[in-house]
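Starting off, we have a lone chain in the form predicted on its own, written out as structure tokens.
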């Protein structure tokens, strides 16, 4: 997939950093915000635009779990795997979601409605376990509550 930002967008990002390579994360966030993921063509575009080795761009995309290499479903479900969430029922919620959606972590339903992911922490330890659906936190969450939320999204 070919991808390109406008010259104005590139200049706005570059103006905030002393070196073009320092603008890599903001550029990748903008690309992902625009198309929902970072395809290989967008990695090459970012590398060429910022004068960064394409391997370095790929390293960054694959290192940060916030970046996606393939499109997500309409609803992105993140289950927190922090210790407090895991100890307070997060593992049960993840198991429920795998069974309910018939997915494993990192997969998207065939109808492209739901993508199931885990995350290191949603900063909701005092209300754990936590689940995030399209940026909205649900905590403390239970499998029954998550099922109700998903059925309302249907």
Partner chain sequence: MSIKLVTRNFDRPDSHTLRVYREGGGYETLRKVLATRTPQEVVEEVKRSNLRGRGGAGFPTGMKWSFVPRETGKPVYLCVNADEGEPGTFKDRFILEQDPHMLLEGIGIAAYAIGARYAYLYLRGEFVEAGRRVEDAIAEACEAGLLGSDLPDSKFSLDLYVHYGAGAYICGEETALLESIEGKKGWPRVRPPFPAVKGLFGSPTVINNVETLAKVPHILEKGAAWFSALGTEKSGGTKLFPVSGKVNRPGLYEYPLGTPLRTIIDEGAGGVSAGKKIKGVIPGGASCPVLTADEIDVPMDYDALAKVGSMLGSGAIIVLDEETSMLKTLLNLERFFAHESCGQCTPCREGTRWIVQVLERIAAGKGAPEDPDLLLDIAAHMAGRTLCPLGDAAAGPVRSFVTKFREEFLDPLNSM
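Bear in mind the structure is a predicted one, so any value in this text is a computation, not a measurement. Numbering follows the first chain given and starts at 1.
Quick note: we don't show the form predicted in complex with its partner chain, though the next part is all about it.
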query: Distance check, residue 113 to its partner chain in the predicted complex, heavy atom within 4.5 Å; finding: no
query: Contact label in the predicted complex: residue 36 to its partner chain, heavy atom within 4.5 Å; finding: no
query: 4.5 Å heavy atom contact, residue 91 and its partner chain in the predicted complex; finding: yes
query: Its partner chain contact in the predicted complex: residue 96, any heavy atom under 4.5 Å; finding: no
query: Candidate from 117, 69, 48, 59 lying within 4.5 Å of its partner chain in the predicted complex - any heavy atom; finding: 59
query: Partner contacts for 6-34, taking its partner chain in the predicted complex and a 4.5 Å heavy atom cut-off; finding: 15, 16, 17, 18, 19, 21, 22, 24, 25, 26, 29
